[in-house]
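As a starting point, one isolated chain is supplied in C-alpha cells, in the form predicted on its own.
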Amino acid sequence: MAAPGDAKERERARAALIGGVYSNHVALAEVLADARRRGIEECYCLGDLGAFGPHPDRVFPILLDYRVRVVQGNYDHSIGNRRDDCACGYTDPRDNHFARLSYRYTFDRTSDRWKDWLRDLPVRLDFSLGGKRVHLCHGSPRRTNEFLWESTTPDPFLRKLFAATGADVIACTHTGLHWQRELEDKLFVNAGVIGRPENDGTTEVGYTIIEAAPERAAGVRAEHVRVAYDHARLAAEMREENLPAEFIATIETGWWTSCLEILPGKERARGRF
C-alpha cells in the first residue's frame, strides 16, 4: 500500500485540490477522471473522506488508484483514532444531531484496515508549484476543524497564517463552500468539497485547480471547476442505506437541509433554508 500523504519533491506546474469527499465515491471517481482528462497528474485531497454519504470503504481504492495524496481531516482523525465524535467544530444542537448520525454510520462501516490508514495520514502537506510554496491543510494551518468563511475571515488574520507557515499559497476545505482571496503576493484558497453540492440549487460538485502563473503577483492562480456526476445513483444508495432524508434531499436538489446553523449570515442567505 502506498504511504498515505507521500509527496514527491519535484517542481509542479498544475495540481488538483479536492475537498470533503464525504463518502461520495461516485463524485470522487468523476472528479478524478475530469482532472486526468485535463492532463493533471498531481491530485491532493484535503480530508474528510467519510461522512454524509454511503459505503465509506468505496472511497479508498479510488484514491489509491489515482495516487491521490491525502491530508487528514477531523473526520479522518476521529475515525482513525476510534473516537466517539467527529470533532467537526459545530456548536448548535441541530448541527450536532446530524453530525452524530453521520459519524456513527461512517464509523460503523469503515473497516479496520482503512481506519488505520486514516489514523496515519499527515495533517498538512507542503510542496512547490512554479517556485511558490503551497501549504495544504484541512480547516486551517492552526486547527484542523477551524471554519474559515469568506465573509468573516479578515485579511490581517490570513496574513498571520501566511507568516506562520511561510507559504505563498494556503489551501483548505472544511466549510463546504469554495472561495479564494489574493493578498498582495499571497493566495488563499478554500477548495470547496465534492461530497455534496454547494448549497446553490445545482447538483454539481466542484474541485479546484491551481497552476503556476508568473504574471500574477502571487505566482499562482486558482480555478474552481464544476463537475456533474450521477447524483441519482448516489441518492439511491443513500436510501438503501437508510441515511437521513435531509442528506438525500441535498444530493437531489442542491440545497443544504442540515448542518446549516454554523453558516454565517451572508453564506446562509445564499441558500434556500
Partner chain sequence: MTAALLPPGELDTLWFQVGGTLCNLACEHCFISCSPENESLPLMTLAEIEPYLAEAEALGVKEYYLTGGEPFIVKELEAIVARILRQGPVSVLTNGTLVTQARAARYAQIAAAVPYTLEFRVSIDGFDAASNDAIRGAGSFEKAMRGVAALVERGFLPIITATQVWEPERDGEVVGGFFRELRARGYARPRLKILPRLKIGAEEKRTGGYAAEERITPEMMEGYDAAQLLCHSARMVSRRGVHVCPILVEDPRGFLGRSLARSMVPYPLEAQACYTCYLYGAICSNASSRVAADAAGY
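Positions refer to the first chain, counted from 1. Computed from a prediction, not measured in an experiment: that's the story for all the values here.
There is also a form predicted together with its partner chain; it is not shown, and the following applies to it.
Taking Asp116, Asp200, Asp185, Asp155 one by one, only a single residue has any non-hydrogen atom within 4.5 Å of its partner chain in the predicted complex, and it is Asp155. Its partner chain in the predicted complex is approached by Arg181, whose closest heavy atom lies within 4.5 angstroms of it. Within 4.5 Å of any heavy atom of its partner chain in the predicted complex lies no heavy atom of Glu252. Using a 4.5 Å cutoff between non-hydrogen atoms, Asp120 does not count as a contact of its partner chain in the predicted complex.
Residue contact check for Arg109: none of its heavy atoms lie within 4.5 Å of its partner chain in the predicted complex.
Along 39-71, not one residue places a heavy atom within 4.5 Å of its partner chain in the predicted complex.
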